Each structure stands twice: as structure tokens, then as C-alpha cells.
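Shown below, as C-alpha cells, is a lone chain in the form predicted alone; questions about how it binds or moves come after it.
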């Protein structure tokens, strides 16, 4: 079986496992969406029983999971009780915002991390390298929620950037360009928070990979041939050191997606994070499961993209994939 085939099978088993755990944990959680209704004397027990039957909550866990799994294979994640609407459109309307934030954060993270990691390794022991190591160690040791709250407090206190939502309430009269500018300004703070946390990890790994390659004989030979410093680093050293960095791409995308859910709640960005939080607090069963599964699907997709890039860049993996057939 091919390398990508094994990865796809593993991803499918992972998604099934996540879905099973979601159903088990939501079943174990105390309370239900109808608890507040039971406290209302104007709502009869028969009405609540009818609603439970309507949404399939009166059936066993195995039956509910089987029905949900068959529907999920057709991109139908069930019905939201709180919104009285299908789950899939609700998730997609928010997922676009989460993907916009996570993708922007990933691009900015790698644009910052690659030159910083390479230059820090090339100037090992000097001031730049020491500064990068201290800053990355500090950012790695501080929880992301602390960084987010601190930056949010600074932004709100000094009114540096607008916070909350994608646009202001009165954005109907704005031109398309003005609307894009406002979205970018409101996305800047959560993007910076995501970039700070992820770039610190990537810079450390990339620096270590480049340092390892710099000690190899072919780099010493290239220096002897008089190849320029910048060309040597980015044309010869970086491609060799790219394999460990590419393997980090899937993990960084997963970290950005999971981190974006938290950052969205703190910064008021209208993505999946606030939607899943509200659904959890209101015990909206299928909306919670759909949100978690969509996040897991994004993470698995990010890892598959990293696997494809690694397969294309590393001939050793291609050879191993051919040998395994």
C-alpha cells in the first residue's frame, strides 16, 4: 500500500475515533438542552418528550451514533436545537472565518519563522541568535491565553486596534475596499497572537535543523567553492533542512486551528470558537459534535497536506513508499 494510502486510512480511523469520543463525552456530560424547559410550569412534560423524540434524543446512544454517522457521510451533521436549523450551514458560515484567520496566521508564521530560524543558525552564538533563543523560549513558556489576554488589554486600553467582530455595526455604507480594510484591522490582533505562539516553536526547530546541515561536508565544500552566504543558506542549506520543517507544517496548522478557537473567544472573532462555546453551554448536542468534527477534519487535512509536501520533497520517503508496495 502506498504512503498516502496508509495516511488516508489512518486519517479515516482518527476521524471515526474522534466522533465516537464526542458522542461518549456528550452522553456523559450532566444536563441537557431541555433542563430549563422542565423548570417552566407552562411547558408540559409531554411537550418536552415530543421535542426529545423529534431530535432523536430518546433513542439509545448506539442508534443515535449510527444515524448521525450515515448522515455525516453525506455532509449532514444533524439539527441544531438552539438555532432550529441544520448544523452544516451554521458551521460553514463560521468555518470560513476560522479558516481565514488560521490561514493568515500560518502564512505570517512561516514568513517570519523561516528567515529568523536560518539567520539565527547562521549567526550561532551571536547577538541575533541569543535574542531569538531568549524570545522563543519566553514565548513557548507563556501560555497562549496569557499572551492573548495581555495583548487584548493593551489594545483596549490604548485603543490601538478595533476589537470584536469582523466589521462595525454600521458597515452597510462602506465600499468594498473600506470593508476589507476594516476586516484586516480587526483580524490583526488575533493573527499576531497566533503567530507569536507558533513561530517560537518553528524557529527553534528550524534553527536546530539548519545548524545540523551546516556541519555536513557538502556545506564545507560549497564554502570552499566560494558560494555566497545568502545563496548557500537559502539555495543549498534550507532545502536539505526543509524535511523536518515540512513535517512541522501539519502540527503547526493543527496548533493554529486549535489555538484560533481560543483566540476567537478572547478577541471576539466570529469563528467556530464562540459558536462551539455557546453550543456547549446550551448543551446543543449535534452542534457541539459537528463543530468538533469540523475542527478535527481541518487538522487532519493539514496533516495530509504536510504529508504530501514531505512526499514531494524527500526522496527517501518516495523510495520507502515504493518499496512498501
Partner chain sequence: MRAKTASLIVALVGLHLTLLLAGFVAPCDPGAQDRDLPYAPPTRLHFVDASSWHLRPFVYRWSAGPDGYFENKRQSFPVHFLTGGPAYKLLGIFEAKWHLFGVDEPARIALLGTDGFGRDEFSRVLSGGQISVAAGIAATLLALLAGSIFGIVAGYYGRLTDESLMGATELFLSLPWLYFLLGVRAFLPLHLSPARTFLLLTCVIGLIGWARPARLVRGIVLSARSRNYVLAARSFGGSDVYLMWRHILPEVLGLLLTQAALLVPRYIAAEVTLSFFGLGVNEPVASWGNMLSTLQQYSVLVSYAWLLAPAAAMVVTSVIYSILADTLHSRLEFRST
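Residue numbers count along the first chain shown, from 1. In this text, all values refer to a predicted model and were calculated from it rather than measured experimentally.
Just so you know, the form predicted together with the partner chain exists too; it's not on screen, but the next bit is about it.
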- Query: Looking at 178, 230, 142, 107, which is the one with a non-hydrogen atom within 4.5 Å of the partner chain in the model of the complex?
  - Reply: 142
- Item | Single option in 149, 184, 128, 111 placed near the partner chain in the model of the complex, where near means a heavy atom within 4.5 Å | 149
- Query: Given that the partner is absent here, does residue 281 sit within 4.5 Å of the partner chain in the model of the complex, heavy atoms only?
  - Reply: yes
- Task: Report yes if any heavy atom of residue 285 sits within 4.5 Å of a heavy atom of the partner chain in the model of the complex; otherwise report no.
- Result: yes
- Please check if residue 254 has a heavy atom lying within 4.5 Å of any heavy atom of the partner chain in the model of the complex. yes
- Spell out, yes or no, whether the shortest heavy atom distance between residue 21 and the partner chain in the model of the complex is within 4.5 Å. yes
- Looking at the partner chain in the model of the complex, which residues in 289 to 305 have at least one heavy atom within 4.5 Å of it? 289, 291, 292, 295, 296, 299
